[in-house]
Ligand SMILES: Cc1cc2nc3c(=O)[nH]c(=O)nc-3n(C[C@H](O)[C@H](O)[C@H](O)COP(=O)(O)OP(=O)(O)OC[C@H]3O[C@@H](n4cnc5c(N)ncnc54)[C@H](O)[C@@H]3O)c2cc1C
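Only one chain is given next, in structure tokens, and it is the form predicted alone.
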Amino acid sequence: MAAERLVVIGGDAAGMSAASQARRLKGPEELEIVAFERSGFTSYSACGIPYWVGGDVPERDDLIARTPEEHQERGIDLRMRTEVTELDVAGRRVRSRDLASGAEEWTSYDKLVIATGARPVRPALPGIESPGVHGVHTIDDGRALLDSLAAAGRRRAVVVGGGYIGIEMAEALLGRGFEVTLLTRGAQPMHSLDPDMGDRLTGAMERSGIRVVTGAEVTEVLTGDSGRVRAVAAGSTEYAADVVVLGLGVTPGTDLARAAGLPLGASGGLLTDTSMRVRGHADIWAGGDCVEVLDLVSGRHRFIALGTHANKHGQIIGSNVAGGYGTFPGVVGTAVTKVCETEVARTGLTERQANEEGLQYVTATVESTNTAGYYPGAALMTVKMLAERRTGRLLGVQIVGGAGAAKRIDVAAVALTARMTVEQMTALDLAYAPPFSPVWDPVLVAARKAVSKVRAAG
């Protein structure tokens, strides 16, 4: 009996996790695996690129978990710098193009995994393709940016976008000795925070030496006589720049899927069932940044691009492709980042999202320290908690503070997943010792205050 053929489109977290897991469960005599990757790298941490650019991660190769050669040695026919250009669902085949030679061919499949990731938002603004303007999405992007930083005549940088990548790149450029201006069209950086928590982040960034300009709608990238970027225009104001970094977010990379007629959600991400199988297609799976996931708090499907989800998707897909069983129940929207000495974390719903869902809620905000207040080096943190008004069910938590603040969000993520109330949270047996926490952990203090708010609201 001939081996089945699994074709994987995409060689990063979800795609190669799926291929590797399938190979663990089935040998080449049972399952042939062909994978296509259009870049020169596989299985790397895109989330680590800002820290490589900033110098915290010394070498590019530190970001690579497994090389193409390592995948190939394990019996995966991995075709690098080869782009899939067409998906023929009815014919159960994909068309690919070798980016070096231009040669094209069709490859048939019995089972297909779509792991095409996300594509960075790059608006069609005048001058945006000029030398010195960089996105930071791939390892090649990171290398190009480092080369550009070295070539910059002066050390002025503008970051466009105030999301996770934007603030991480602002920190990286500051660490490289650049004068940094961050432009965001919103009223604050990090629209995934409520305005009161976003204001705390803005203040921390400015104290670190990053100029934050809100309400700045970029209209043009201006160049000098050499053609290289010299400034960014936002309305009538120009911000001098020797280097520009774009951090405007990403959208699902689903052009192939859309052209093939596969089901997409409101954000353009592929829709799957809990086994990560594309809806209505028994032999097609999808995972990573090209899919939408179920938000366990709101009950809606959302587009959330995170490597943690992608690796889990890949493991589940690989098991199911090889005849095993696995499911991905959903997420609660947990994310952390940092800018200089300030850590930022969030999970669940913000006030805006709760309002969109028609939920009635109370909020509780507390200020505390990461350790016992008397312990040397105690740093301040602010914890904000949302709870449903009638039931007291936890809806969301946001944290902004010093060292040790961000990972406290994991307690809230577990509580959200378990659908705990804030009153139940107050009895959690969390670890305590003066170097790690006050007697009452800040998350529990916020929960106690939220309980009082729920009771007061009737």
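What you see is a predicted model; the values in this text were computed from it and never measured. One rule holds for the numbers: they count along the sequence shown, beginning at 1.
The form predicted in complex with this ligand exists for this protein as well; it is not shown, and the discussion that follows is about that form.
Taking the partner from the other structure, this ligand in the predicted complex has no heavy atom within 4.5 Å of any heavy atom of Glu388. By the criterion of a heavy atom within 4.5 Å, Gly396 is excluded from the residues contacting this ligand in the predicted complex. In the predicted complex, this ligand lies farther than 4.5 Å from every heavy atom of Leu416. Taking the partner from elsewhere, Thr308 is found to have a heavy atom lying within 4.5 Å of this ligand in the predicted complex. Here is the short version: of Ala22, Ala450, Ala13, Val443, the single residue with a heavy atom within 4.5 Å of this ligand in the predicted complex is Ala13. None of Thr82, Gln353, Ser148, Thr382 but one reaches within 4.5 angstroms of this ligand in the predicted complex through a heavy atom, and that residue is Thr82. Residues Asp56, Thr202 and Ala204 are none of them found to lie within 4.5 Å of this ligand in the predicted complex, as judged by heavy atom distances. Stretch 284-292 is the answer when you ask which of 171-179, 340-348, 320-328, 284-292 has residues with heavy atoms within 4.5 Å of this ligand in the predicted complex. Contacts to this ligand in the predicted complex (heavy atom within 4.5 Å) from stretch 122-145: Val136, His137.
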